[in-house]
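Here we start with a single chain on its own, the form predicted on its own, put down as structure tokens.
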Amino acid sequence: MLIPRRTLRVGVTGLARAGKTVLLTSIAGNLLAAGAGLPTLPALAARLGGRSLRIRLAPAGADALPRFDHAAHLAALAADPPHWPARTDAVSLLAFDLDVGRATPGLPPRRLRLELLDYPGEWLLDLPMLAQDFAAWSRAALHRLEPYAEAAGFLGFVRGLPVAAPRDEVLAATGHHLYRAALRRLRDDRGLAMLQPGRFLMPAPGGAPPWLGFFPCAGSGPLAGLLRERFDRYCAEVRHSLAAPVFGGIDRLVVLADLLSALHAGAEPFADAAAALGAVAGALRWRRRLPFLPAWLPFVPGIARVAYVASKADHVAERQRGNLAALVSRLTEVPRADTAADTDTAAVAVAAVRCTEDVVWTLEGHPVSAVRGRVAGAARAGRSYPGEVPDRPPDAAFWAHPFLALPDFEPMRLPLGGRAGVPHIGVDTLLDFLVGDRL
């Protein structure tokens, strides 16, 4: 008798430019290599304890979701010279069929379908809006825009509205377009992440419905009433999407953040990234299962495990990576992965595609732990000492001596053109936390 496959769906999302595409590509390359018997994922191998593991891509069948093109992304990493794959900007699915051997001889293998859903990070930032009404959301959104010249045009428009502005479609459309333009500039020019609503930056497929035409406004007249109605409808649609097949079917979730780049960019960008990550962590607390039910029950709805991941861990030396994981843990108030065996949340530092190796460098007469890698366009590898990673949100003294550098490293050359896996740091630990209990 053929045992049916149980399905485990893992959503992979994160803040802007955190490395979601690269992580999915690394997971694909390393899972397929592990299924061929190569030692690419030692934490999963330890979990198996010598039992067999067969992994292959799952057939697309009649699934409506487009497939994540891992082969094209892996080819970019395997090129000469290697280069980073293009960013993805739509929902897609990466699926594998796993046959896991049993410890007892003669028993059929455990059969699992592992689905990895590439989910836009911008949409994740809509979740905190569900706990706010229009007035509270407007106050917070307008306050966040105040320091930035990129938002001056929109803020000038809002301040110029009369308190009892009429319920006018032209005013609503003008404010909406100015607000969306400000959000795009803050994302593209400033690298900010705490920008809402997320679907203003990453629209859903299809035409834009009229209720999308709103913006934050502190007034209380007829125009504010129209904007509030549209805000409420937007939140209702987000709630509906949480129960829809795309998001509602997620069993586990990965939330990526590039905290090193935020630290390098300065106090304001880091505060923005920290606020976004903290808001997401708070909003995701709806996902917890009933505490008296075992996590392995397949019919219990909800996201059972969430991993908060700091990317680019190879841009700092090994002794700093513990601090990076601790920083993620502090920002999200969850335990680190190495202490999270019995929890449903974890914080971990990962390099999905390794770019560097650790070296000792003499800097101003003192030995420091540094990294060495090839910067994009350089003829040979160079060394980098970015500075000390704080293990908690940094104070004013840190910003007086910020990171020295955060180079744009090329990925390492892939062994056997990617057929032998992708060099990484911590991807196996992340996968063990997400799926190890099912193995």
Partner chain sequence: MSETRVVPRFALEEAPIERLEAASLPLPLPLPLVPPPAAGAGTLGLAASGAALLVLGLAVLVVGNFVAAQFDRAAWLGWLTLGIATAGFGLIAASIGGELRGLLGLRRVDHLRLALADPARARGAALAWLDTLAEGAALRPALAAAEAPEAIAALLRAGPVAALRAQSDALGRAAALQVFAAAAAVPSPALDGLLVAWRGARLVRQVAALHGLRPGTLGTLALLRRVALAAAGVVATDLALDAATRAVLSNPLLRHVAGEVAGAGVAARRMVVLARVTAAACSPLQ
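Quick caveat: nothing in here was measured; it's all calculated off a predicted structure. Numbering follows the first chain given and starts at 1.
Although it is not shown, the form predicted together with the partner chain is what the next lines describe.
Contact with the partner chain in the model of the complex, judged as any non-hydrogen atom within 4.5 angstroms, is confined among 75-83, 222-230, 250-258, 178-186 to 75-83. At the 4.5 Å threshold, heavy atoms of Arg354 reach the partner chain in the model of the complex. When the partner chain is considered in the model of the complex, Pro411 lines it closely, a heavy atom lying within 4.5 Å. When the partner chain is considered in the model of the complex, Trp361 lines it closely, a heavy atom lying within 4.5 Å. Using a 4.5 angstroms limit between non-hydrogen atoms, Arg47 is distant from the partner chain in the model of the complex. Heavy atoms of every residue among Pro42, His366 and Gly387 are located within 4.5 Å of the partner chain in the model of the complex.
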